[in-house]
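Below: one protein chain in two forms, given as structure tokens, structure 1 then structure 2.
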Structure 1
Amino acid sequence: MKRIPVIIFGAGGVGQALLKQIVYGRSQAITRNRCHFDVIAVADTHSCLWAAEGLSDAQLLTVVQDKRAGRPVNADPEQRPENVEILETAVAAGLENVIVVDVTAVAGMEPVIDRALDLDYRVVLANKKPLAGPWIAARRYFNNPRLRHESTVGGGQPVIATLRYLLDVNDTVYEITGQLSGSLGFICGRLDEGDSFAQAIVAAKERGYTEPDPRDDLGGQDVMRKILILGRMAGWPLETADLQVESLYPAAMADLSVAEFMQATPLLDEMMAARVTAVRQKGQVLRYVARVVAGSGSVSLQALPANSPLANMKYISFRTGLYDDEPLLLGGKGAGVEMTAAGVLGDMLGLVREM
């Protein structure tokens, strides 16, 4: 049986779900894959828990409880080396075949990922930001057999695996289109039902479908990162400037506090109601659609026929050489922490199988 050391950066919703899935999935991992993950480190913003021989399952479940209760993974702030130093500690302990997992949501993780790859460690990302940075820095992360990132697009849906398969069989990708945001999909659905834009935003926020600051969703940057990742995988060395992004709130609202922004959202109702009415008269609905082709892409609110299958499901569509007249569609439930963590775990197991 393979013992695989694992370092996990991030213990938020996805990190906690991953820890539980590792603990409760141990017997299946052993039976099906003859592998045992030794989580040697878990780090959050201000603390880190470390054990070269692997933290016990009881310790991992305590981390989950502590984080849920708002406590750090380690109450001792002295125990917080820099993230790269955590990797060096693993090297000093003589550990090999280490898998480094980034389930943070922060920018600036590239030095950790680069060091891990330099060490011939393997890397799994749910964090989109390193893959969406400048191409010169991000290019080594694409089509790299030591790095996987299934959960960066489509939650746990096998979007990346499908695209990788198409590329592996020498299919040519012409266009990728999709509704890539669960929160914006929900908001568009509420607009169909007659909610004002402000009501739809409140409903999405109350259900926890948006980020704590809904502007993180409404600004389109998260969707832009997803379509950028798919476009780069398809072989196009795109930069963010190559993608046009329609923000659903004006720049003048960018500096408001979250509470002020939520209070101000009714100011956006009239503009959105006019758009909804205009498309409804043509039997259409509004959907926030991302699209990428060679060299360019866009992320914007678009009118789709209300009765089209594509307006009624969260989907990603691949138009390729093999799937030209009838695109390959992938649809189903979007993101959630459990599905996202399952995508991370699947990547970890995939890397182990290839060792």
Structure 2
Amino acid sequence: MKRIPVIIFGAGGVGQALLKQIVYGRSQAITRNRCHFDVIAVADTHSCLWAAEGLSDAQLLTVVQDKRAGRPVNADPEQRPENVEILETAVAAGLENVIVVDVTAVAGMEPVIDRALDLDYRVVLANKKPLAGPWIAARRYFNNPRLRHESTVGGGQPVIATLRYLLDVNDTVYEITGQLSGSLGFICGRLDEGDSFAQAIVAAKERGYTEPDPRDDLGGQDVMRKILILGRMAGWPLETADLQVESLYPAAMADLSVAEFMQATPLLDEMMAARVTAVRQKGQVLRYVARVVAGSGSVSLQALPANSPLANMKYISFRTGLYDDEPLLLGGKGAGVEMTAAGVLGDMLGLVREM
């Protein structure tokens, strides 16, 4: 049986769900993949919990409880090591076949990822930002056999795996479109049911469907990163400037704290209600749709026929050489921390199988 050291950066909702899935999936991992994940480090913003031999399951579940209670992963007052230093500690301990997992939503993780790859470690990303950064830095992460990122697009849906398959069989990708945000899909659905925009935003955030700052969703940045990742995978070295993005909140709200923004969301109700009424009179509904082709893309709120199947599901469409007259469609639930964590765990197991 393979014992795989794992370093996890991030102990928010996805990180907590991943820790539980690792603990409660022990027997399945052994039966199906002959492996045991030794979580040697869990790091949040303020602290790090480390054990070269692997943290016990009791310790991992305590981390989940502590984080839910608003406590750091480690109450020890010692200064938290820098992220790269955590990797160097693993090197000093002589650990091999390490998997580094980034389930944060922060910028600036590239030095950690680069160092991990230089050490021949494996990397799993749920964090989209490294893959959506400037192409000159991000290009290393694409088509890299030691890096996986299924959960960056579609949560637990096999979106990345499907696109990888199309590319592996030498299919030509012409266009990728879809509703790539479970949170915005949920919000639009609540608007259909009569909720105000502010009420829909609150409901989505309370269910954990949005990013920690809902503006990452409402500003289109989260969807933009997803479609950019897919476009880059398809072979188009796009930059963010190549995509036109519609924000669902004004620039004046950009500098507010998250709490202040949530309090101010009722100011957006009248504008959104007018748009909902206008399309409803035409038998349509509003949906946030992304599209990318070679050289360009868009992310915007669009009107779709209310009775269209595509208006009532989170989906992604690949129009390719093999799927030209009738695009290949993937659809289903993609939002939520459990789905995202499952995608991360699936990537970890996939890397183990390839070792």
Ligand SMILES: NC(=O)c1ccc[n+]([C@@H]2O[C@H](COP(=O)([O-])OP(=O)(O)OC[C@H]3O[C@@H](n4cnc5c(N)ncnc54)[C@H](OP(=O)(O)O)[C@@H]3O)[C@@H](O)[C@H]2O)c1
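A quick note: this is a predicted structure, and the numbers were derived from the prediction, not measured. Numbering runs along the sequence of structure 1, starting at 1. Superpose the two forms; the largest set of C-alphas matching within 1.5 Å is the rigid core.
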> For this pair of chain forms, which number matches the form predicted alone?
Replying inline: 2
> Is there a C-alpha shift of 2 Å or more at residue 85 between structure 1 and structure 2 once the rigid core is superposed?
Replying inline: no
> Would you say residue 222 moves between structure 1 and structure 2, meaning its CA shifts by 2 Å or more once the core is fitted?
Replying inline: no
> Once the two forms are fit on the core, has residue 240 moved its CA by at least 2 Å between structure 1 and structure 2?
Replying inline: no
> What is the Cα shift of residue 210 between structure 1 and structure 2 once the core is superposed, in angstrom?
Replying inline: 3.4
> Upon rigid core superposition, what is the positional shift of the Cα of residue 259 between structure 1 and structure 2, expressed in Å to one decimal?
Replying inline: 5.6
